Structure formats: C-alpha cells, structure tokens
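In structure tokens, one chain follows: the form predicted on its own.
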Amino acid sequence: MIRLLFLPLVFLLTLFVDGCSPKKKSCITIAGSTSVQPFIEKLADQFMAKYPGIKIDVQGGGSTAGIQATFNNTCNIGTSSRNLKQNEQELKTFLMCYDGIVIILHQTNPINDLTEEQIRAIFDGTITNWKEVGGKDSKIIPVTREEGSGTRGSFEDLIMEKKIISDACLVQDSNGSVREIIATTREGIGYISAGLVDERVKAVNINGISANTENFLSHKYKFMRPFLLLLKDVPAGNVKEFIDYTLSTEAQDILKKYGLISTIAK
C-alpha cells in the first residue's frame, strides 16, 4: 500500500525533467493515462510537424496521477481514461474519443467467448481453472492494472460491478505491459484498450458480442469508456490550439485508424 501511494508522488515530482515545463509558452506538457498516452503522442507528433516552434512532452503515470498533476499545475493538460469522480469535477474536460475495454487471451487459448459473470468470477478469484469456462484443464493467470489506473477503474465500473479484484491477480502498470504478459503466458487473461489490441493476443467476445468498431458505434458492445483531456483553466494560446487540433477531423481520423471511436458523428 505504501508503494502504491508513493508512486504518484514520485511521478509528480519527476515530471518533465528534460526542460519542458508547463510555464514555458513554447512547450505543452501532458500527463496522465497510460491508455491515452500512445494515441496523444501520435497526435502530438502531427501537431509539432505543423507547428515546429512548439514542443509537446507526453508522460504517463495513470489517470489519477494526471488528474492530480492538472490540479497542481504540474502539467498543462491532464489525461484520463475514466470519468471524473465528484471531487474531481472542478476540472474542465474535453472528450477526445471513446475506447472499448477488451478482454484478451493468449493466441493459443481455445476460448472465444466469455460472459460478464465468468469474467467477474475469474478476476475475483472464484473461477481459477480454464476448464470451468470450457477451456483446458489449466490454472488461470489473471492480469490486472494497478490502483489509480483509469483502465482498471473503468473495468471495475463496467464489468466487475461490486465484485473486488482478487489480490492473486498479477498487477501491471500499463496496457502495454498487460498485453506483453498475455502474449507470452498461455494461461493468462487481461484487459486493455481496444486501440492496443494486436496480432500477439486474442480479443474475446463478451456475451457473444465482438469488440469491433461496428459494435462500438451501435452500442451493442457496452464496455466503453471516455478518453478525456483535462485542464484547470480555460484553454488559451498553444494549449487551446492543441485541444482544437485533437477535436479536428484530421486528428479524429487518425484516432479511428487505431480502433478508437471518434467524437465527430458521420
């Protein structure tokens, strides 16, 4: 517990040590969700190509750390992959896009579909063997995100309901780390952003519904969460330019290429 409380503090104290700080007008600092991070980095690269005089520094740390950094003015823009809690709603929010929470398995796992109830039982430790859900006789190795993660918060809200994630689960500090563990662990199961699923892992249906763009847009797949940009004050200057860019058709088309759901209706 001490380690988990200490990590956000270390994150906030070590932000932007490379010389890019929130006080520099030519620099935009962004911090928060590791789910949002790879996608905001892609948009930042495109933005900096358009405006070579502006530097954008993107850091992870988790949604809760990003929210804290926004409140503390240690970043210009915070990012969150979960909805804000009541005591966080003073911040100004901009919806960048929507993302699906996807359950992933090793490519060799024969399971293609799980119910919500089965997923809850696996992650709360009630179901511990794959044969209990129609698979092989082998121990299940569930992999979860750390406390404070927006992905974990969304998973708990959308799927776990009031069930508690078991302490027996392996804990990883990013979606990428979860994906790598599952890609190399035949008995593993985890959850990550839909935009980060690749050929190394297998996304399974939930209640018979596939996690694909069509089902996201039709709302048949209901395990969705927002990717939020957070500001403490009304955006101005370069920060406003970047916020406007993330909501533009060009940026939204980039996000759609990576499996995210645009905020622009078609």
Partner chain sequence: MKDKIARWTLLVIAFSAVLALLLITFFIFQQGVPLIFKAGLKNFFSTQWSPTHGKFGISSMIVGSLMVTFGALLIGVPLGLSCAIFLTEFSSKTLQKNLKPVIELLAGIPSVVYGFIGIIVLVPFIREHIGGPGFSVLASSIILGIMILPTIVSISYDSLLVVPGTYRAGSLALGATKWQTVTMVLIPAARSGIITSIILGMGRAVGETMAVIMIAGNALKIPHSILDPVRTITSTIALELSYSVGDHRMALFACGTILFIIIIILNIIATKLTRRT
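Residue numbers count along the first chain shown, from 1. Because the structure is a prediction, the values reported are computed rather than measured.
The same protein also has a form predicted together with its partner chain, omitted here; what follows describes it.
- Message: If the criterion is a non-hydrogen atom within 4.5 angstroms, does every one of G62, S149 and D167 touch its partner chain in the predicted bound form?
- Response: Yes, the whole trio is in contact, each within 4.5 Å by some heavy atom.
- Task: Report whether the minimum heavy atom distance between D173 and its partner chain in the predicted bound form is within 4.5 Å.
- Result: Close contact exists here: in the predicted bound form, D173 approaches its partner chain to within 4.5 Å, heavy atoms only.
- Item | Close approach of R186 to its partner chain in the predicted bound form, 4.5 Å, heavy atom | Contact check for R186: yes, within 4.5 Å of its partner chain in the predicted bound form.
- Query: Would T34 sit within 4.5 Å of its partner chain in the predicted bound form, counting heavy atoms only?
  - Reply: Residue-level check for T34: yes, a contact with its partner chain.
- Query: Do I181 and its partner chain come within 4.5 Å of each other in the predicted bound form, heavy atoms counted?
  - Reply: It does: once its partner chain is placed as it appears in the predicted bound form, I181 has a heavy atom within 4.5 Å of it.
- Query: Of the options I141, M160, I111, I127, which one has a non-hydrogen atom that comes within 4.5 Å of its partner chain in the predicted bound form?
  - Reply: None of the other options qualify; the answer is I141.
- Counting only non-hydrogen atoms, which stretch in 54 to 62, 204 to 212, 40 to 48, 234 to 242 is within 4.5 Å of its partner chain in the predicted bound form? Of the stretches listed, the one contacting the partner is 54 to 62.
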